[in-house]
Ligand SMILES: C[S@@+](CC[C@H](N)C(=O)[O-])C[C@H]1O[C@@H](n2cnc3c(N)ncnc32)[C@H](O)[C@@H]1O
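To begin, one chain is listed below as structure tokens, in the form predicted on its own.
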């Protein structure tokens, strides 16, 4: 998965395909100016809690369009930086006037608001499968006798896999496949080193561990997207299709807490944007009808509003995150292990 997405020449993100528009591999909130407006309100409120000026760090900026929307709505003193591993996408972002970095090395700790839209679901995962007698193996990518890519079972490549399953009390039955993301810990560790003080906001899709690893996901949550179509074969059009897996919110909160961060709150995207005042984006101008359609799509229960969750982390001493009051119990329960 890491190679398919991030290979320096043939990876999906390295090749910088058209992401997030009508011709891209999937639909995303980032294509709508209204989403940039809503996130800008969250950043503005967070800056007031921290004390501006702040650095705004966007994770994985895609084509740079969301960054353009965001900066157009931000009126507070800020330094906007995009963390992007793809040199091709960094080029697109810089063409739009955004400042980019390829790694976090060199960024000094300071007051920072981090925002990542559909970033965690792209972190590479290990695939495991339950065997008889409650044993579990890892699935590796190999070549079959015809030279085609296939999955082959083997012993765990790292004891961290068993540790994660044990920590979250996950039991996989025979043939039950699941994905385990071990990249969350180092990813958060790097962020924690540059955010002081500040908030880390993620918009993504996932669930608590007991739901993600339940038998209703017996084939796992790994899926791919190619030209707006969901593909279930990870070996199809490698480097041209996106790969994603549901985020384990239990692991996210647990790893963040271990690093000294705190959960600032969680809710659905629709509730979050509504609480932030996204309705103010509509206005009364001639384009108010189309703007209202954007808002409805981003906040609607039957659309993107319920498809994505917001989980926010903070450094100690800060108030709970902006837009997270009136958290519905059905949403916030996703972020805590039962």
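Residue numbers count along the first chain shown, from 1. Remember, it's a predicted structure, so these values are computed and weren't measured experimentally.
Only in words, not in the display: the form predicted in complex with the ligand, which the text now covers.
Residue heavy atoms within 4.5 Å of the ligand in the predicted complex occur in exactly one stretch of 42-50, 298-306, 280-288, 60-68, and that stretch is 60-68. A single residue from the set 83, 161, 188, 139 has any heavy atom within 4.5 angstroms of the ligand in the predicted complex; that residue is 83. Contact with the ligand in the predicted complex, defined as a heavy atom within 4.5 Å, holds for exactly one of 313, 30, 56, 310, namely 30. Annotation: in the predicted complex, residues 172, 181 and 211 none come within 4.5 Å of the ligand through any heavy atom.
Within 4.5 Å of any heavy atom of the ligand in the predicted complex lies no heavy atom of residue 247. Proximity of residue 114 to the ligand in the predicted complex: non-hydrogen atoms within 4.5 Å are absent; the residue sits far from the partner. Although the partner is absent from this view, residue 89 contacts the ligand in the predicted complex, with a non-hydrogen atom inside 4.5 angstroms. Of the heavy atoms in residue 165, none are within 4.5 Å of the ligand in the predicted complex. Residues of 1-15 that come within 4.5 Å of the ligand in the predicted complex, judged by any heavy atom, are 6, 13 in sequence order.
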